[in-house]
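Below you'll find only one chain, the form predicted alone, shown as structure tokens.
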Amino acid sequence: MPLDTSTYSLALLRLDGRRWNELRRLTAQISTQAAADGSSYLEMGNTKVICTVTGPAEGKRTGGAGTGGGNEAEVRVEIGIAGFSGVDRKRRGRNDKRISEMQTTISNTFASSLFTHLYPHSTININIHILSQDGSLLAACLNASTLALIDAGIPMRNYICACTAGSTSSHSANDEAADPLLDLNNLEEQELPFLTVATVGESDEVAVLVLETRVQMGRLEGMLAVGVDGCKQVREILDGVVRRRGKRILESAAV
């Protein structure tokens, strides 16, 4: 299909041909790992993530006390990054600060959105394996975790859908009139200020907001608005993945 340039100049297109408010190609599958209680595989552009969920399971007891979170289930997250996932091929250990921050963010997000009170003295383990990095890494991990938790049948309030939003000008440029961008790739994240936002379902309720770069206050509202709108687009895609999987299960059961 030829690109419609009637109302949009080619000079305004991004390096990968997208407009400012376009998501990259997002594809996902669920029930990809038969041995896990829930699993998913997700691609956001060239960022590729596998997620598996085990539990809820009774917490191991040490010294007569359970490690599960008391009257509520404890959500544990482990992230592994393949050495070939990035250009630099840097090995990251478990004590890496970046990984620890992502694990804490994901754990806190789902601890507040899952109905953990239904599983006292239990643990829910989320294991994320990053196969390829090309921007929006935290968002991809959150989206993959949502699908894996749904596949595991763990009740939650609604989908947690995430994406990134940035600005067309760096902080040093001091350009208050810079335009927002949706779903940044790795090259854009290296050059431009950006944030990661996650919302609950189709609402505007923000569950995660992570800003790791400096940006003028005047640009923040526009970036956040674009990010929330992108989360709604992601929600439609994730919901379609779940519905197609449910339809296949019903069709196979009817045979």
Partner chain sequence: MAITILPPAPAYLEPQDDISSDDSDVDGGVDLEGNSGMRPSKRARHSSDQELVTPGEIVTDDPQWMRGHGTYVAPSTTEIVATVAGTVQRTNKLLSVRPLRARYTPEIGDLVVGRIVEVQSKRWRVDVGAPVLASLPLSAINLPGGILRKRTETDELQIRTFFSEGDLLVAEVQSLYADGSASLHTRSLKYGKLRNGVFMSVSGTGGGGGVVRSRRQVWTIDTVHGGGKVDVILGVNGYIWISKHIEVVGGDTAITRIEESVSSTVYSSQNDEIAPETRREVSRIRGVIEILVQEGLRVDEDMVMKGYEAAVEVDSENQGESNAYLGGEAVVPGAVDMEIAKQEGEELKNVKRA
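In this text, all values refer to a predicted model and were calculated from it rather than measured experimentally. Residue numbers count along the first chain shown, from 1.
Another form, the form predicted in complex with its partner chain, is not on view; read the next lines as being about it.
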| property | result |
| --- | --- |
| Arg244: touches its partner chain in the predicted bound form, heavy atom cutoff 4.5 angstroms | yes |
| is_contact(Ala36, its partner chain) in the predicted bound form, heavy atom dist at most 4.5 Å | yes |
| Arg19 within 4.5 Å of its partner chain in the predicted bound form, heavy atoms | no |
| Partner proximity in the predicted bound form: Ile30 to its partner chain, non-hydrogen atom cutoff 4.5 Å | yes |
| Location of its partner chain contact in the predicted bound form, chosen stretch of 42 to 50, 220 to 228, 190 to 198, 207 to 215 [non-hydrogen atom, 4.5 Å] | 42 to 50 |
| Heavy atom distance at most 4.5 Å to its partner chain in the predicted bound form, all of Ser122, Asn158 and Arg248 | yes |
| Residues within 4.5 Å of its partner chain in the predicted bound form, restricted to 142 to 157 and counted by heavy atom | Ile150, Asp151, Ala152, Gly153, Ile154, Pro155, Met156, Arg157 |
